[in-house]
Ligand code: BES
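We begin with a single chain expressed as structure tokens, specifically the form predicted on its own.
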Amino acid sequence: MKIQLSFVNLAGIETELLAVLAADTQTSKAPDAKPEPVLLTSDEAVQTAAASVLSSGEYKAGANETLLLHAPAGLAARRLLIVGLGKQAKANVPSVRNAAGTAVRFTKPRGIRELVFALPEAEQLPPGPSTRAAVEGAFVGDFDPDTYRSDRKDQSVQTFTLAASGNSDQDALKAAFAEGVIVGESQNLTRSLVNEPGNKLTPTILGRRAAEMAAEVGLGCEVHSTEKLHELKMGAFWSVSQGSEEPPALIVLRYEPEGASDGPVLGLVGKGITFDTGGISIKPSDKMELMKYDMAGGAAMIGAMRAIALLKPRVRVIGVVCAAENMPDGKAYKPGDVETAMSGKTIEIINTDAEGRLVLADGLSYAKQLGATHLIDAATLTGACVVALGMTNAGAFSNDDPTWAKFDGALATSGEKFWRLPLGEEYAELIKSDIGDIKNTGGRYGGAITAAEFLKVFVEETPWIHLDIAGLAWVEDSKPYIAKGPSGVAVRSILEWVRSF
């Protein structure tokens, strides 16, 4: 998709489709109160073209509600699409991101290959952040998961133009626009990796894809396998991979900007289970095909590292992705086994389907060995987190309030939803083992928390954030602004957390 920024007045833009945003200004809570939609543009010709339909009552400007007008009078555009933001008082920058995605997804199946999206004009929607969000939303909306369909038709929007007429600070908008392109492309890189089936994206191939990306954007990259795991004594990571014919991959990405040699080093650690059967504690067959997405945390780190390399924050960053298949085999690890992690801690295996925390344990230890002073990990770690928070918020944990505050502040820019859950000694007691130091599950209750407590053992005193993205990494049903399939969640939040340093 070609994407560009224009400062030409809306009425004079010749295009197949012009999209403008609308909001409902009705503030009454009375049950019989009628919506009062208004366009968020000062262009009088656009206002006039839409006046009759806005006054008719048939369009309410609900969130992502669309209305298409053909041959709008007074406009050079052949069609006018109105996209709603919902109540104006609640409209925010993430609403603009979703609206841009909605406009793109509305356009794609209709054979329209050219879209102009008007930057909204509203006090609570600052032009810079709205510009970046609109571009990100366009990329998100353009992605479809039908990669391997033999009759796949190209329905992509060939040209997306963001129209910012009337904005005087063009340099600031150009910078925000460029950021949006980088972030949108990086999120879609993550989505493309998560979308790959297990036979097309083995740990080795994931390592190769990460190395190719690193070469393109100037990151340092190393990809190791079995020999390195044994050299580092990564018994937890290796135990997961030993039941598969596919060798593991330890992927290390490095970003080292000039002038940041004395500051913090941020360690980004991702779970990269390219397919998860559950191992000997095998999963039910229903929906097991979705377990190709069990590397979404690792993919998020790869996408975030790409964006970091291109946006160039002045802080050193190390990305570590622990990639493996979790398979049932004669050589697979078993319930009751005791494994020794890189840190020297011994782990009693209760359930081989609690494998993500094992690879992360060694990944976190290795990131510390490489010099990380602050850690963040992401993983599709527990179904318990989905039970607790549903598919609206992802779970988050931290052992350090100032580090968490930086991440919490980053969410205002990323627009992603994370909810901080507790840690505590009472939960840590549940993973103590009779035969070893700890066990890899703490029982049925509080499963997301005991999983986080397991990771905390390997983090020790290092400031750390854990993101359990199991509920948001895969979109179960298509939404107006995003297709069913991989979401790329956490890329934007991790990026903004890094930039906060």
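Here the structure is a predicted model, which is why all the values come from computation and not from measurement. Each residue number is its position in the shown sequence, starting from 1.
One more form of this protein should be noted, the form predicted in complex with the ligand, which is absent from this view; the next part is about it.
- Think of it this way: in the predicted complex, the ligand has a heavy atom of just one of N199, N351, Q369, Q170 within 4.5 Å, and the residue is N351.
- Interface residue among S343, T382, T131, S398, judged by heavy atoms within 4.5 Å of the ligand in the predicted complex: T382.
- Using a 4.5 angstroms threshold between heavy atoms, K283 counts as touching the ligand in the predicted complex.
- None of the heavy atoms of T41 is located within 4.5 Å of the ligand in the predicted complex.
- Put simply, F106 is far from the ligand in the predicted complex: not one heavy atom of it is within 4.5 Å.
- In the predicted complex, F143 stays away from the ligand, with no heavy atom inside 4.5 Å.
- Of the stretches 209-217, 222-230, 424-432, 289-297, only 289-297 has residues with a heavy atom within 4.5 Å of the ligand in the predicted complex.
- Site residues E185, R191 and M301 are none of them in contact with the ligand in the predicted complex, judged by any heavy atom within 4.5 Å.
- Looking at 269-286, the residues that come within 4.5 Å of the ligand in the predicted complex, counting any heavy atom, are K271, D276, K283.
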